[in-house]
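Take a look at this single chain in structure tokens; it is the form predicted on its own.
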């Protein structure tokens, strides 16, 4: 059996009872460590807080392992119970459909244990979930690569009066997470990027640059947005205001996300008032 278990957004205690029970009966536990970040630290004796809380050694599965070497884990799941831990929900912002498909093709039974994801936790800001349009991802710009396909999606959402959740690029957030450089891939040898994550400030700068290039008035520096950092953690930060105001705020450590606000219901406006200008 392969258990695909969501861990939630905050820390090791956010796991569900069903998920914890599954982990305790598994012979091996893998932790997906490239699509998101939990506030799980490393103690002085080298054991992660996860391992201490769950009472199991954890094998960190980076992108390369999951995408290229997952069959080893699936072969183990053919003869024993194996857990694959995922930050948030297994089918939330980043799906793991490919892993499930490969498991089923090998005849491995799969059981999914759900948990909170950024896709529903953003409701904390007061904007109603059913009033969101298509979610977009904002990648890091480089000198030679400045993609803007998200612009048309934001445009469609705003034309319909819908809110837009912007998921911000990040890689290498765990010291063991690896993202190869473009140059190294061209040379056929993987050299990995240093850790970094996109801040709300950088996302807004890039969004405004794209608007300036297109000049279709989809949004501007006065457009109301909600910046959210570390949703689900004890120190989460939520600030609502125009883009130009959010540019000046230090939201602190990762992970960050941004919502471009569409048409609002009176109740939504009341909720946003609690976060306007707050930090």
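Numbering follows the first chain given and starts at 1. Just so you know, these numbers come straight off a predicted model, no measurement behind them.
One more form of this protein, predicted in complex with a further copy of the same chain, exists but is not displayed; see below.
Chemist: How about residue 208: is it within 4.5 Å of a further copy of the same chain in the predicted bound form, going by heavy atoms?
Modeler: Flag for residue 208 set to no.
Chemist: Counting only non-hydrogen atoms and a 4.5 angstroms cut-off, does residue 98 reach a further copy of the same chain in the predicted bound form?
Modeler: Flag for residue 98 set to yes.
Chemist: Test of understanding: in the predicted bound form, would residue 109 fall inside 4.5 Å of a further copy of the same chain by heavy atoms?
Modeler: Output for residue 109 is no: heavy atoms all beyond 4.5 Å of a further copy of the same chain.
Chemist: Taking any heavy atom pair closer than or equal to 4.5 Å as contact, tell me whether residue 79 reaches a further copy of the same chain in the predicted bound form.
Modeler: Taking the distances in the predicted bound form, the answer for residue 79 is no, it never comes within 4.5 Å of a further copy of the same chain.
Chemist: Quick one: find which of 200-208, 71-79, 153-161, 138-146 has residues within 4.5 Å of a further copy of the same chain in the predicted bound form by heavy atom distance.
Modeler: Among the candidates, contact is made by 153-161.
Chemist: In sequence order, which positions of 111-130 have a non-hydrogen atom within 4.5 Å of a further copy of the same chain in the predicted bound form?
Modeler: Heavy-atom contacts within 4.5 Å come from 111, 112, 114, 115, 116, 117, 119, 120, 121, 123, 124, 126, 128, 129, 130.
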